[in-house]
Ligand SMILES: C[S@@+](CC[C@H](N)C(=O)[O-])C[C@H]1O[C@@H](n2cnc3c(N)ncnc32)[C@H](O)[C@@H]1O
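Only one chain is shown below, in structure tokens, and it's the form predicted alone.
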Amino acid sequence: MLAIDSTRKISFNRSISNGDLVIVYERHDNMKAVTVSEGSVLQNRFGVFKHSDWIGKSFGSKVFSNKGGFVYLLAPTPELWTLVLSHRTQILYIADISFVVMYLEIVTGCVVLESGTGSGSLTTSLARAVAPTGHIYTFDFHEQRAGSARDDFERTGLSSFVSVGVRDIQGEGFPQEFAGLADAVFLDLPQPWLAIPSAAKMLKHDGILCSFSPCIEQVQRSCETVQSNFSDIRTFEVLLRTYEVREEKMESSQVNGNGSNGSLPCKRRQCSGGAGVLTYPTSSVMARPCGEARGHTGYLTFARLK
């Protein structure tokens, strides 16, 4: 899991210890986060898995149940955490998150302000991007939601890089103590135009603002507001299409004659004319679009402080 040492370096402990958070992987669409506890067990369709058997193994290990079934124990990267976290609100997924981190130019040492925190999906990736010398200050108006997010950052080892505050940013704006200190500001609010004037005061010269909105009407009103203090205003919609790659067996047939294709036949069938038909086993790797590919999630509007 993510660990912090005395020099505030972020790293993965490659061996699993008692108390670590692991992602138990059954298949790409079936994973869960489990805290390792010696003496505890995990039960699923593959059997019973003892946590004590996991301790000391490396992340990525394949472990077996009492019935011979198996799962993989993966490190809780921000990408995997996004897929298993509790959805307290609608979350951002990997396609939008990666675009946000790149376009906001977030690197080690950056100071980023965020509102609202929600389920903490984006915050987790932002924290990894700014570590080990940067910091994320994230705010949510809902006290219980903010507390749950704070607990999650403790579980994933990111609490040294993330501070969670309870505040109505739409009504009160960001705290004045951050004025002129933020490299980037991210807004995920129902009325982001109310928070944009405050965000402008928080940004450093040439800092970047991003607003995530599910509806184009929100985008239009936000763009009208940012024109007074921002330039290079752009809006994007990121659409991701996922493909499933699998190996499938196929059969090819050849009428038996004097020639041979050099392969051993799998079946022999008799034709009406007496000739034999040899069927040879073959396989092919097929790539097909997943049936549950996500479509529209929201619009990302970026603007740079003049």
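From 1 onward, residues are counted along the sequence shown. Source: prediction; values computed, not measured.
Omitted here: the form predicted together with the ligand. The next part is about that form.
- Although the ligand is omitted here, in the model of the complex none of G109, V112 and S163 has a heavy atom within 4.5 Å of it.
- Site annotation in the model of the complex: the residue of S159, S119, T235, T225 reaching within 4.5 Å of the ligand with a heavy atom is S119.
- Note on the partner interface in the model of the complex: the residue among R155, K201, H142, R128 having a heavy atom within 4.5 angstroms of the ligand is H142.
- Figure note: of the listed segments 70-78, 216-224, 98-106, 83-91, the one touching the ligand in the model of the complex, with heavy atoms no more than 4.5 Å away, is 83-91.
- Proximity of D188 to the ligand in the model of the complex falls within the 4.5 Å heavy atom cutoff.
- Among heavy atoms of S148, none comes within 4.5 Å of the ligand in the model of the complex.
- Although the partner is absent here, N229 lies well away from the ligand in the model of the complex, with no heavy atom inside 4.5 Å.
- Interface residue remark: H135 is not counted as part of the site for the ligand in the model of the complex, having no heavy atom within 4.5 Å.
- Shown without its partner, the chain has H142, R145, R167, D168, I169, Q170 in segment 142-181 as residues with a non-hydrogen atom within 4.5 angstroms of the ligand in the model of the complex.
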